[in-house]
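Starting off, we have a lone chain in the form predicted alone, written out as structure tokens.
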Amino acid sequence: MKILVLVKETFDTETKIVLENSKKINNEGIKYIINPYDEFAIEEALRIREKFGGEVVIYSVGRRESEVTLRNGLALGADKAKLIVSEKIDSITVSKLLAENITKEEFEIILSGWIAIDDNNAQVPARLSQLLDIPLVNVVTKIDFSDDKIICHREGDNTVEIIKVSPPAMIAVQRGINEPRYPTVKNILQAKKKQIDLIISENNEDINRINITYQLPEVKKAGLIIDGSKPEKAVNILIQKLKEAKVL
């Protein structure tokens, strides 16, 4: 069984983001990690391989330096990785670049996290499944196999949905589907020798003309604390402040 895993490189949650004048992110000093939701997808792929055999291949779109981050995925146990080098990483471009390359593969399952922690966009799994014309099951918390079907469990409000699809299929997983393993020393050493194919994207301009810029949120004003020891006076102050803010 061949399992593809989509991985996005994201900022470490403790990283301090600094913007340049061009409203682009300054990469100096930033620590990058594998999107935590994609780590659940890697772990699930490894468990499926351990049960049924086969190969786990990581796919990613991003900067060339992402190769360092993808080594962490190989250290977890993936067999190899493919990095599509692209300066543009909006959902439309990423989905099209992935589709162009994945159509050359024979696979049973594509796994990914259902969302990325940096942009909370959650568009790539759906866009990619449409481009590849394969079924998508989103926010999955359990995967089983029976009679050549992939059985996916999704948690709803006080319910559990059970959806059966035929491979090949796109499955986006949710937190709680498993507990990702830690890389062993042996796997870390082996990861240095594993294959990462660099695919240079030369037609970004033809794919998409979206330009992404960033801005920091406005600094919140300090809250007002009103002395409540004299309720009548406190109410009058509150009403006055609400009128000044044009709430009343």
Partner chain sequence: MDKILVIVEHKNGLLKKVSQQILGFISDFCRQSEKKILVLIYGEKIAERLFEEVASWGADEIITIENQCFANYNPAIFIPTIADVIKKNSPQLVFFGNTAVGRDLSPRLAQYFNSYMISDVIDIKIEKDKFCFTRPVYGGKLFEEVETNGELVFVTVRPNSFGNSVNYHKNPHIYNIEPKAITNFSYMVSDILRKESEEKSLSEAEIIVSGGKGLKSAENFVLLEELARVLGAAVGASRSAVDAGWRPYSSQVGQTGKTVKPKLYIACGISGAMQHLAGMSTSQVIVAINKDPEAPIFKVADYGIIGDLFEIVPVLTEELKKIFKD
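Here the rigid core means the biggest group of C-alpha atoms that line up within 1.5 Å when the two forms are laid on top of each other. Residue numbers count along the first chain shown, from 1. Every value quoted in this text rests on a predicted model; they were computed, and no experiment measured them.
FYI, the form predicted in complex with its partner chain isn't displayed, but the following is about it.
The closest heavy atom approach of E87 to its partner chain in the predicted complex falls outside 4.5 Å. Although the partner is absent here, T103 lies well away from its partner chain in the predicted complex, with no heavy atom inside 4.5 Å.
Though the partner is left out of this view, I143 does not reach within 4.5 Å of its partner chain in the predicted complex, counting heavy atoms only. Among residues of the shown chain, G54 is not one whose heavy atoms approach its partner chain to within 4.5 Å in the predicted complex. Only one of 64 to 72, 219 to 227, 46 to 54, 192 to 200 places residue heavy atoms within 4.5 angstroms of its partner chain in the predicted complex, namely 219 to 227. Residue I92 is the only member of 76 to 113 with a non-hydrogen atom no more than 4.5 angstroms from its partner chain in the predicted complex. D144: CA moves less than 2 Å between this form and the one not shown after rigid-core fitting. In this overlay on the rigid core, K220 has a C-alpha that sits 2 Å or more away from its partner position between this form and the one not shown. With the core held fixed, E106 shows a CA shift below 2 Å between this form and the one not shown.
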